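First, one chain by itself: the form predicted on its own, in C-alpha coordinates.
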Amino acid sequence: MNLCNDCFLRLFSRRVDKIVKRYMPKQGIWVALSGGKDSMALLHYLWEREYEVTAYHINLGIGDYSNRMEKMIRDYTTNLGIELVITNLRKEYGFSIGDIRKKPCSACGTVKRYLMNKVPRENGAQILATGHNMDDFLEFFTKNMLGKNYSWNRKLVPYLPAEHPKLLPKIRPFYLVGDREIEIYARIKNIVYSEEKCPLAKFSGWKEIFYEIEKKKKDFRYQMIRSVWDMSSFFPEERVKLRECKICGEPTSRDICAFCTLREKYTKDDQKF
(Lines give C-alpha, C1' and ligand atoms only; values in the text may rest on other atoms or scores of the structure.)
Protein backbone atom coordinates (compact mmCIF):
# COMPACT_ATOMS: atom_id res chain seq x y z
CA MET A 1 0.00 0.00 0.00
CA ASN A 2 1.09 3.56 -0.69
CA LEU A 3 0.68 5.35 2.63
CA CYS A 4 1.82 8.62 4.13
CA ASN A 5 3.88 8.38 7.32
CA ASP A 6 0.94 9.08 9.63
CA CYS A 7 -1.30 6.47 7.98
CA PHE A 8 1.51 3.94 7.96
CA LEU A 9 2.17 4.44 11.68
CA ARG A 10 -1.53 4.03 12.48
CA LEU A 11 -1.71 0.77 10.53
CA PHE A 12 1.55 -0.47 12.05
CA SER A 13 0.38 0.33 15.59
CA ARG A 14 -3.03 -1.25 15.02
CA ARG A 15 -1.43 -4.55 14.02
CA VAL A 16 1.13 -4.55 16.85
CA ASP A 17 -1.46 -3.53 19.44
CA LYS A 18 -3.60 -6.55 18.51
CA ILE A 19 -0.88 -8.58 20.24
CA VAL A 20 0.37 -6.16 22.87
CA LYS A 21 -3.00 -5.17 24.32
CA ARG A 22 -4.15 -8.77 24.42
CA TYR A 23 -1.14 -10.38 26.09
CA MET A 24 1.31 -7.82 27.49
CA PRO A 25 1.45 -6.94 31.20
CA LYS A 26 2.35 -3.34 32.07
CA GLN A 27 5.29 -4.31 34.27
CA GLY A 28 8.08 -6.88 34.41
CA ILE A 29 8.71 -6.83 30.65
CA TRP A 30 12.18 -7.79 29.46
CA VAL A 31 13.05 -7.13 25.82
CA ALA A 32 15.75 -9.29 24.21
CA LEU A 33 18.07 -7.09 22.12
CA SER A 34 20.40 -8.30 19.38
CA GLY A 35 21.12 -4.88 17.88
CA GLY A 36 19.15 -5.50 14.67
CA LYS A 37 16.16 -3.46 13.53
CA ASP A 38 13.48 -5.80 14.90
CA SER A 39 14.54 -5.87 18.55
CA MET A 40 15.61 -2.21 18.62
CA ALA A 41 12.30 -1.12 17.07
CA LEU A 42 10.39 -3.26 19.56
CA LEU A 43 12.19 -1.66 22.48
CA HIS A 44 11.39 1.80 21.14
CA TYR A 45 7.74 0.89 20.50
CA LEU A 46 7.18 -0.25 24.08
CA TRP A 47 9.21 2.61 25.55
CA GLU A 48 7.20 5.17 23.60
CA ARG A 49 4.00 3.70 25.03
CA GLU A 50 5.40 3.92 28.56
CA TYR A 51 5.59 0.22 29.29
CA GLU A 52 8.00 -0.65 32.09
CA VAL A 53 10.75 -2.41 30.19
CA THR A 54 14.22 -3.77 30.89
CA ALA A 55 16.56 -4.39 27.98
CA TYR A 56 18.60 -7.59 27.87
CA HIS A 57 21.57 -8.33 25.62
CA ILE A 58 23.91 -11.31 25.35
CA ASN A 59 27.46 -10.68 24.16
CA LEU A 60 27.98 -13.96 22.31
CA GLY A 61 31.70 -13.48 21.75
CA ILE A 62 31.61 -13.39 17.94
CA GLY A 63 34.75 -11.27 17.57
CA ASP A 64 34.48 -7.51 17.09
CA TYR A 65 30.93 -7.92 15.76
CA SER A 66 29.61 -8.72 19.26
CA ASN A 67 31.52 -5.82 20.80
CA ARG A 68 30.08 -3.38 18.25
CA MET A 69 26.56 -4.60 18.97
CA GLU A 70 27.06 -4.23 22.72
CA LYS A 71 28.37 -0.67 22.44
CA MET A 72 25.51 0.41 20.17
CA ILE A 73 22.93 -1.11 22.51
CA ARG A 74 24.55 0.49 25.57
CA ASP A 75 24.48 3.92 23.92
CA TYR A 76 20.88 3.62 22.71
CA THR A 77 19.39 2.35 25.96
CA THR A 78 21.27 5.07 27.87
CA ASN A 79 19.74 7.70 25.57
CA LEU A 80 16.25 6.31 26.23
CA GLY A 81 16.86 5.97 29.96
CA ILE A 82 16.14 2.22 29.90
CA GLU A 83 17.84 -0.21 32.27
CA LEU A 84 20.13 -2.61 30.41
CA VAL A 85 21.34 -6.00 31.62
CA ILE A 86 24.16 -7.69 29.69
CA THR A 87 25.46 -11.24 29.90
CA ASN A 88 28.97 -11.77 28.54
CA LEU A 89 29.01 -15.41 27.55
CA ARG A 90 32.78 -15.85 27.70
CA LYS A 91 33.35 -13.93 30.94
CA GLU A 92 30.45 -15.51 32.80
CA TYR A 93 30.35 -19.03 31.35
CA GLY A 94 33.84 -19.64 29.96
CA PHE A 95 33.02 -20.11 26.28
CA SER A 96 31.65 -18.17 23.31
CA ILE A 97 29.85 -18.84 20.04
CA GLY A 98 33.05 -17.75 18.31
CA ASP A 99 34.70 -20.91 19.72
CA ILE A 100 32.22 -23.21 17.99
CA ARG A 101 33.05 -24.30 14.45
CA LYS A 102 30.46 -27.01 13.89
CA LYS A 103 26.84 -25.78 13.71
CA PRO A 104 27.41 -22.45 15.48
CA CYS A 105 23.87 -21.23 14.66
CA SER A 106 22.35 -24.22 16.45
CA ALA A 107 24.58 -23.59 19.47
CA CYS A 108 23.67 -19.89 19.39
CA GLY A 109 19.97 -20.78 19.52
CA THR A 110 20.60 -23.03 22.53
CA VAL A 111 22.50 -20.28 24.35
CA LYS A 112 19.89 -17.62 23.64
CA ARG A 113 16.92 -19.76 24.69
CA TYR A 114 18.67 -20.69 27.93
CA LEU A 115 19.96 -17.28 28.98
CA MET A 116 16.95 -15.28 27.77
CA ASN A 117 14.83 -17.37 30.10
CA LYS A 118 17.18 -17.79 33.07
CA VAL A 119 18.58 -14.27 33.51
CA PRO A 120 15.30 -12.31 33.18
CA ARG A 121 13.43 -14.79 35.39
CA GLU A 122 16.05 -14.61 38.14
CA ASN A 123 15.79 -10.82 38.02
CA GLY A 124 12.02 -10.64 38.45
CA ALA A 125 10.76 -10.59 34.87
CA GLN A 126 7.14 -11.55 34.22
CA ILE A 127 7.45 -11.96 30.45
CA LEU A 128 10.08 -11.98 27.71
CA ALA A 129 9.44 -10.01 24.51
CA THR A 130 11.39 -10.79 21.33
CA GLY A 131 11.54 -9.06 17.96
CA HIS A 132 10.55 -12.09 15.86
CA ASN A 133 8.29 -10.86 13.06
CA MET A 134 5.73 -12.11 10.57
CA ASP A 135 8.34 -13.06 7.94
CA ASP A 136 10.34 -15.05 10.51
CA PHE A 137 7.29 -17.13 11.40
CA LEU A 138 6.34 -17.68 7.76
CA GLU A 139 9.86 -19.01 7.19
CA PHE A 140 9.65 -21.25 10.27
CA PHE A 141 6.27 -22.56 9.10
CA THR A 142 7.52 -23.33 5.59
CA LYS A 143 10.60 -25.14 6.86
CA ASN A 144 8.54 -27.12 9.39
CA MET A 145 6.10 -28.25 6.72
CA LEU A 146 8.83 -29.24 4.26
CA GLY A 147 10.74 -31.04 7.01
CA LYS A 148 7.55 -32.75 8.26
CA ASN A 149 8.06 -31.28 11.72
CA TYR A 150 4.36 -30.55 11.99
CA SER A 151 4.16 -30.40 15.78
CA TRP A 152 6.61 -27.48 15.88
CA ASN A 153 3.96 -25.30 14.26
CA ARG A 154 1.96 -25.20 17.50
CA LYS A 155 4.49 -22.71 18.85
CA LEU A 156 4.25 -20.32 15.89
CA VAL A 157 1.90 -18.02 17.76
CA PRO A 158 2.27 -14.48 19.18
CA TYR A 159 2.17 -15.61 22.81
CA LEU A 160 3.57 -18.71 24.51
CA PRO A 161 2.46 -19.37 28.09
CA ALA A 162 4.94 -20.87 30.54
CA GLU A 163 5.07 -24.67 30.47
CA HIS A 164 7.13 -24.99 33.66
CA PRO A 165 7.51 -22.92 36.85
CA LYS A 166 11.01 -21.95 35.70
CA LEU A 167 9.97 -20.93 32.19
CA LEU A 168 8.90 -17.38 31.37
CA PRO A 169 5.94 -16.72 29.08
CA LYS A 170 7.06 -15.23 25.75
CA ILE A 171 5.44 -12.61 23.55
CA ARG A 172 6.18 -11.68 19.92
CA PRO A 173 4.56 -8.24 19.44
CA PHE A 174 5.68 -7.97 15.79
CA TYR A 175 3.87 -11.18 14.83
CA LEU A 176 1.57 -9.33 12.38
CA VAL A 177 4.20 -7.07 10.78
CA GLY A 178 7.19 -8.04 8.66
CA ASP A 179 10.76 -7.04 7.82
CA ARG A 180 9.97 -4.17 5.50
CA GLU A 181 7.25 -2.70 7.70
CA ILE A 182 9.63 -2.67 10.67
CA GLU A 183 12.36 -1.11 8.56
CA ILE A 184 10.00 1.72 7.54
CA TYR A 185 8.89 2.19 11.16
CA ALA A 186 12.51 2.39 12.33
CA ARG A 187 13.34 4.93 9.64
CA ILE A 188 10.37 7.16 10.47
CA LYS A 189 11.18 7.04 14.21
CA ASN A 190 14.95 7.52 13.69
CA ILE A 191 15.69 4.34 15.64
CA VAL A 192 19.34 3.37 15.94
CA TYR A 193 20.06 -0.19 14.81
CA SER A 194 22.72 -2.19 13.00
CA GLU A 195 22.28 -3.33 9.41
CA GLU A 196 25.29 -5.59 9.85
CA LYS A 197 24.51 -9.29 9.57
CA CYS A 198 25.99 -11.82 11.95
CA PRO A 199 29.14 -13.17 10.24
CA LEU A 200 28.11 -16.73 11.13
CA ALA A 201 24.51 -16.49 9.83
CA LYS A 202 23.44 -18.32 6.69
CA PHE A 203 21.17 -16.86 4.01
CA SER A 204 17.98 -18.90 3.50
CA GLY A 205 16.20 -16.91 0.76
CA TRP A 206 12.69 -17.71 1.99
CA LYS A 207 11.76 -14.14 2.89
CA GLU A 208 12.64 -12.92 -0.57
CA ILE A 209 10.36 -15.61 -2.01
CA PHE A 210 7.46 -14.38 0.16
CA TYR A 211 7.91 -10.84 -1.12
CA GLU A 212 8.02 -12.05 -4.73
CA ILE A 213 4.70 -13.84 -4.17
CA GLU A 214 3.24 -10.69 -2.64
CA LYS A 215 4.03 -8.73 -5.81
CA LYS A 216 1.37 -10.85 -7.53
CA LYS A 217 -0.87 -11.70 -4.57
CA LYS A 218 -1.60 -8.58 -2.57
CA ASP A 219 -1.46 -8.95 1.22
CA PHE A 220 -0.21 -12.53 0.90
CA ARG A 221 2.03 -12.44 3.98
CA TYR A 222 -0.57 -10.96 6.33
CA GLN A 223 -3.27 -13.40 5.19
CA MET A 224 -0.83 -16.29 5.51
CA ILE A 225 0.33 -15.44 9.04
CA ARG A 226 -3.28 -15.12 10.20
CA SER A 227 -3.85 -18.61 8.81
CA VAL A 228 -0.74 -19.94 10.58
CA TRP A 229 -2.07 -18.51 13.84
CA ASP A 230 -5.52 -20.02 13.27
CA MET A 231 -4.05 -23.42 12.31
CA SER A 232 -1.53 -23.66 15.15
CA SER A 233 -3.85 -25.52 17.52
CA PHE A 234 -4.68 -28.13 14.86
CA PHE A 235 -1.13 -29.47 14.68
CA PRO A 236 -0.16 -32.43 16.90
CA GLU A 237 1.05 -31.53 20.36
CA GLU A 238 4.60 -32.42 21.38
CA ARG A 239 4.39 -34.43 24.57
CA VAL A 240 7.68 -33.59 26.24
CA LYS A 241 8.05 -34.10 29.97
CA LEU A 242 10.23 -31.37 31.42
CA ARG A 243 12.51 -32.03 34.35
CA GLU A 244 15.33 -29.98 35.91
CA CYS A 245 18.93 -30.25 34.68
CA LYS A 246 21.12 -32.16 37.14
CA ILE A 247 23.84 -29.51 36.81
CA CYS A 248 22.13 -26.12 36.64
CA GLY A 249 18.53 -26.89 37.65
CA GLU A 250 16.98 -25.28 34.56
CA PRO A 251 14.07 -26.94 32.70
CA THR A 252 15.07 -29.60 30.16
CA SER A 253 13.77 -32.78 28.59
CA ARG A 254 17.06 -34.54 29.36
CA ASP A 255 19.15 -35.27 32.44
CA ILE A 256 21.71 -32.64 31.38
CA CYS A 257 20.41 -29.62 29.47
CA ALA A 258 21.80 -28.62 26.07
CA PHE A 259 23.42 -25.47 27.48
CA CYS A 260 25.38 -27.35 30.14
CA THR A 261 26.43 -29.89 27.50
CA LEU A 262 27.80 -27.04 25.35
CA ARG A 263 29.49 -25.46 28.33
CA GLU A 264 31.19 -28.70 29.31
CA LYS A 265 32.42 -29.26 25.76
CA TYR A 266 33.81 -25.80 25.00
CA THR A 267 34.90 -24.39 28.36
CA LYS A 268 38.61 -24.61 29.12
CA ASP A 269 39.59 -27.01 31.89
CA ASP A 270 40.50 -24.26 34.36
CA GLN A 271 37.07 -22.65 33.91
CA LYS A 272 34.84 -25.72 34.05
CA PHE A 273 31.99 -25.78 36.54
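Numbering starts at 1 and runs along the sequence shown. Here the structure is a predicted model, which is why all the values come from computation and not from measurement.
As for the form predicted together with a small molecule, it is not shown, yet the points below apply to it.
Undergrad: State the residue from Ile184, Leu138, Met116, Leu160 whose non-hydrogen atoms include one within 4.5 Å of the small molecule in the predicted complex.
TA: It is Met116 that has a heavy atom within 4.5 Å of the partner.
Undergrad: Looking at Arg90, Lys170, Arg154, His132, which is the one with a non-hydrogen atom within 4.5 Å of the small molecule in the predicted complex?
TA: Going through each option in turn, the one that passes is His132.
Undergrad: Establish, in the predicted complex, whether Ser39, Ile58 and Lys112 all lie within 4.5 Å of the small molecule, using non-hydrogen atoms for the distance.
TA: Heavy-atom distance to the small molecule in the predicted complex: all three under 4.5 Å.
Undergrad: At the 4.5 Å heavy atom threshold, is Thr54 in contact with the small molecule in the predicted complex?
TA: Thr54: no contact with the small molecule in the predicted complex.
Undergrad: In the predicted complex, does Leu43 have a heavy atom within 4.5 Å of the small molecule?
TA: Close contact is absent here: in the predicted complex, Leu43 is far from the small molecule, nothing within 4.5 Å, heavy atoms only.
Undergrad: Can you tell me if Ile225 lies within 4.5 angstroms of the small molecule in the predicted complex, counting non-hydrogen atoms only?
TA: Outside the cut-off, so no.
Undergrad: With the partner left out here, check for me: in the predicted complex, does some heavy atom of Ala32 sit within 4.5 Å of the small molecule?
TA: Flag for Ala32 set to yes.
Undergrad: Can you say which of 44-52, 235-243, 211-219, 58-66 gets within 4.5 Å of the small molecule in the predicted complex, counting heavy atoms only?
TA: Selected stretch: 58-66.
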